[in-house]
Structures are given as C-alpha cells and as structure tokens.
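Only one chain is shown below, in structure tokens, and it's the form predicted on its own.
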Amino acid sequence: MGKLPALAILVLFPAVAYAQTPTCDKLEGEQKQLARELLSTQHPYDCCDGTIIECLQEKPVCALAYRLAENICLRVADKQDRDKITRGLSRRARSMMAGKKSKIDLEGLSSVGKGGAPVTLVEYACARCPFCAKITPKLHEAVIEGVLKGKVKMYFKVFPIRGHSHSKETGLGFMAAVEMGRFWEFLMHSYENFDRFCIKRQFNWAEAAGMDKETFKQLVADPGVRDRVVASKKEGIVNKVEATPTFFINGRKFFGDMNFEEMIDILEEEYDRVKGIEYRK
C-alpha cells in the first residue's frame, strides 16, 4: 500500500491534534502550514516509529516527539526555511544517536552542578572566544540554579584558538586557575569582563577571583601548566574539535545548532533518555 501524500495526512489529522505544543498552537497562516508539513514528514529518531504528527496521536505521547514538535515550531516561528530546519533536525539526530563516545580526561578538573547528575557536559573552549564568553555563563547559571540543576554537571577543557589574540597566554591563565582551585570564579570574571580585556589585566582578574596574584603569575610561567594546556589542546584535536565552543554530552560530540535554547533542550532530552523517561505524563 502506497504512502498518502502530505496534504492527505493533514486532512486525516485535524488542527486540534496538531495543536499540542505551546509554540505550535500560536502559529498562523503560512507558518502554521509549514509546521504541519514538517510534522507530517519528519520522524523522531527514537521512542516512536511514525511521523511526529502520528506519534502525537498515540497515548501515552512519546516525549521526544513532543519535544521535536516544539523545536520545529520554534524554528518556524524564528522564520527559518524548510531546508534549514531539516538540516538542524538531522544534526540533532546525529548528536543523539552517535554510538562511539570520545575519550575525555577529566582528572583534576572542577565541575559545576550536582556530582551525581546523570548528564555530563564537557565544553572545549578558548579563553578569548567571543561566543564562548556569551554561552558559557548562561549554561553555568542553568546548571547551578536553572532548569538543568540536578540534571547536568559541567566541565571546561582549555582549547586555545590561534586566531584569537592572546589565546595562548589566557589559556595558561585558565589552567593556572584550575591549579589554584578557583577556575570557575576566574572564568566567570574573565568572560564577564571580556570586552575590557588586556593581557596586563589578567593578573588583577586572578586577584578579583580570589587568587594570590604572585602565585598565579608563577603558575602561568610554570612548564607543568603549559604542558597541561598542550595536552588539553591535543586531546581536543584527537576528538575532532575544530572550533570553539565544542560540546560533548555524555561523551558524544554535539553537532546541533550552537545556541543556548537548543543546548538546554537537548541536555534535557539526554536527561530523559538516561532516566528512561520515554513518555509524557
């Protein structure tokens, strides 16, 4: 038996069945039509074998189908075209379904978030990366006291980018802060003052983050600290880190859209997956 065309599927599944997420329910006109067409052709990569719109009809409702429906409608509302949306969904599926996990050495690194959290987020980033300076503090806040509290623990791996001015020196500063047990305080202060940076201020920033300035200076010049930065960079290269930030979620490289909302959504999806939450209540 052949497949029904998309328009026929839309007739079989009326608007009341489609309007099951807050964002989808608000769409109108051409945006609503585009969302319906995507929901009737895209499939969840887990939990349910049908199209997303078919999965939304089942009881109980597949949690991933609902999450992807909301994601699609958010993209439509953001005026993304069909191709961009389908590419984004494909990259998301690649992130979540990758079987091989990367080897990441977390020894000696401090994490934020609950120690027993089931999701581990590792970020390879440069101290002088503009986008890292924007997204990292937001993720830090979400893990500490936001929607990811108790769900995610977060680690940071130093990965200097040659094209960023003073990435080497600031990378050494980040690693020195690791050695002194004040890494996250120093990172947050550095990123908060990102646009006020000059290399001479790094030592004052260390003091502002609760470190002894002279000890910090000594560590920045320490060959052992330099070796740790080099090792972190080499590990990232082995794990195919090509730009910053690059994220790994429970050992799997994240290929999806690099924005805060997408990161939050996919981290919550991973939490549901690990906890065995397949269906909405």
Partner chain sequence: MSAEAKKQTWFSGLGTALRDAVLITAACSVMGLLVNLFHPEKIPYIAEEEYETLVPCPEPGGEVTPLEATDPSIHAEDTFIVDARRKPEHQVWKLRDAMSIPYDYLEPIPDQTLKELIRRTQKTGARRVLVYGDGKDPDSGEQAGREISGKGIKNVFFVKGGAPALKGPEPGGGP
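Predicted model, so just to flag it, every value in this text is computed and none were measured. Numbering follows the first chain given and starts at 1.
Keep in mind that the form predicted together with its partner chain is missing from the display, and what follows is about it.
S.K.: Heavy atoms within 4.5 Å of its partner chain in the predicted complex: which of the stretches 239-247, 39-47, 213-221, 57-65 has them?
M.R.: Only one stretch passes the 4.5 Å heavy-atom test: 239-247.
S.K.: Does residue 143 reach its partner chain in the predicted complex if we count a contact as any heavy atom within 4.5 Å?
M.R.: No, residue 143 sits far enough from its partner chain in the predicted complex that none of its heavy atoms falls within 4.5 Å.
S.K.: Within 4.5 Å, heavy atoms only: does residue 129 come near its partner chain in the predicted complex?
M.R.: Output for residue 129 is yes: heavy atoms within 4.5 Å of its partner chain.
S.K.: Quick one: is residue 182 in contact with its partner chain in the predicted complex, heavy atoms, 4.5 Å cut-off?
M.R.: Close contact is absent here: in the predicted complex, residue 182 is far from its partner chain, nothing within 4.5 Å, heavy atoms only.
S.K.: In the predicted complex, does residue 32 have a heavy atom within 4.5 Å of its partner chain?
M.R.: Contact check for residue 32: no, nothing within 4.5 Å of its partner chain in the predicted complex.
S.K.: Thinking of 105, 108 and 209 as the candidate spot, does its partner chain come within 4.5 Å of a heavy atom on all of them in the predicted complex?
M.R.: The answer is no: none of the three residues contacts the partner (heavy atom, 4.5 Å cut-off).
S.K.: So which of 96, 161, 188, 112 gets a non-hydrogen atom within 4.5 Å of its partner chain in the predicted complex?
M.R.: In short, 161.
S.K.: Can you tell me which bits of 248-281 touch its partner chain in the predicted complex, meaning any heavy atom within 4.5 Å?
M.R.: Read in sequence order, the residues that approach its partner chain (within 4.5 Å, in the predicted complex) are 258, 259, 260, 261.
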